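In the form predicted alone, a lone chain appears below as structure tokens.
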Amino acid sequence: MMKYANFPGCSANTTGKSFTISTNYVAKKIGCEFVDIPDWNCCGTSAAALTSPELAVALPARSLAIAEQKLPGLDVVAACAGCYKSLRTSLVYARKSAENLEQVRELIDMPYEATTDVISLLEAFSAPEAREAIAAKVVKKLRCLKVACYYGCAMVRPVEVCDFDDPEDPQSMDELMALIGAEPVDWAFKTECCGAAQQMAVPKEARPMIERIFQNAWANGADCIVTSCPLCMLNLDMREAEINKARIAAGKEPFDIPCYYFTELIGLAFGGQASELGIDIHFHPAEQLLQKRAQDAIELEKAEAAARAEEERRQAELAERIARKKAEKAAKEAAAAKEGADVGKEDAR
């Protein structure tokens, strides 16, 4: 059974609510259990790192120490990319040396051995057992849906901390999307930064970072962008309307590129409804595209069925012609043999 200690993160029931809803839906379907770490605290994310290096280590370590004591033997899963990176960074630091580990113990004033591993939700759902379970639960493949898988900058870098996928061309999310029938596109902005909190601090300078992500996804034929990071999702989904307003004012074509969590699309392939997965509470309209591509898939399946029927008809017709030719040849050979036998009898007389 797949079972993990869960670090919810501060966005779980706020800006990342759709991620939580869809993750729980998928987890229940595939038999994956997440047990929340009791009394967990904010990981500190980039704010702690900017405030104090010790704080950036101590905040995640406290939650990891609790998981180690209360949920022994379970790896910690963090759905949020920022939380994942913070937890992993703290863990890697503590494991680097005995001196580091002792320093962390003193900072959190708790027993801590740094034995509990930390993985992202994407990594957990990419494990062989999870992939097999996902494949078994698909009832509606998302055919005709072209997706740009967006990992962002915190999921796969730095490599000494986040080492589960290729740092430049990660494939785990692409493979999951292909598993449920969607078509991942090849594009150049898989791991580019969305601007993160700078979208609030310096919006004028940061907005072009989002626009370039949409532009590259659109240029490479994507219908939508799929992510595993709540902050990336918030920046892209919430700010697309603002970017479009500026593009229209500048005489440019607006984007119509919905964004989804990868868990939302997996849940959809399981037969889940938009309201069951959190898709209905996005900022940018997200349901119409899915409905259109579902209809496209139906039409494609009809065309494929007709093509198969035509091919079967052609093959049956060919087999019939071959059988007729063989029968004609056999009849001719039999007639020739009979004629030869009759001539032999005449000669014998």
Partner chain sequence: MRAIDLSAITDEDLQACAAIAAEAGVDLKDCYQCGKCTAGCPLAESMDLMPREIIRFLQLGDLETVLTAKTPWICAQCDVCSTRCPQNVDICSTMRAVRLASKHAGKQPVREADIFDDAFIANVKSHGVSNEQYLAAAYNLKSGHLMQDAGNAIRMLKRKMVGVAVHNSQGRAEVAALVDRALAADAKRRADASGKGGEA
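All of these numbers come straight from a predicted model, not from anything done at the bench. Numbering follows the first chain given and starts at 1.
What comes next is about the form predicted in complex with the partner chain, which does not appear here.
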query	finding
Region of this chain that lies against the partner chain in the model of the complex, out of 317-325, 59-67, 301-309, 25-33 [heavy atom, 4.5 Å]	59-67
Contacting member of A135, A178, A241, I248, with respect to the partner chain in the model of the complex [4.5 Å, heavy atom]	A241
Contact residue in the model of the complex, from Q198, Q273, N100, T115 (heavy atom within 4.5 Å of the partner chain)	Q198
Candidate site C10, T45 and P53: all three near the partner chain in the model of the complex by heavy atom within 4.5 Å	yes
Non-hydrogen atom contact L107 with the partner chain in the model of the complex at 4.5 angstroms	yes
is_contact(R212, the partner chain) in the model of the complex, heavy atom dist at most 4.5 Å	yes
R88 within 4.5 Å of the partner chain in the model of the complex, heavy atoms	no
Any non-hydrogen atom of D75 within 4.5 angstroms of the partner chain in the model of the complex	no
Residues of stretch 253-290 in contact with the partner chain in the model of the complex (4.5 Å, non-hydrogen atom)	I281, H282, F283
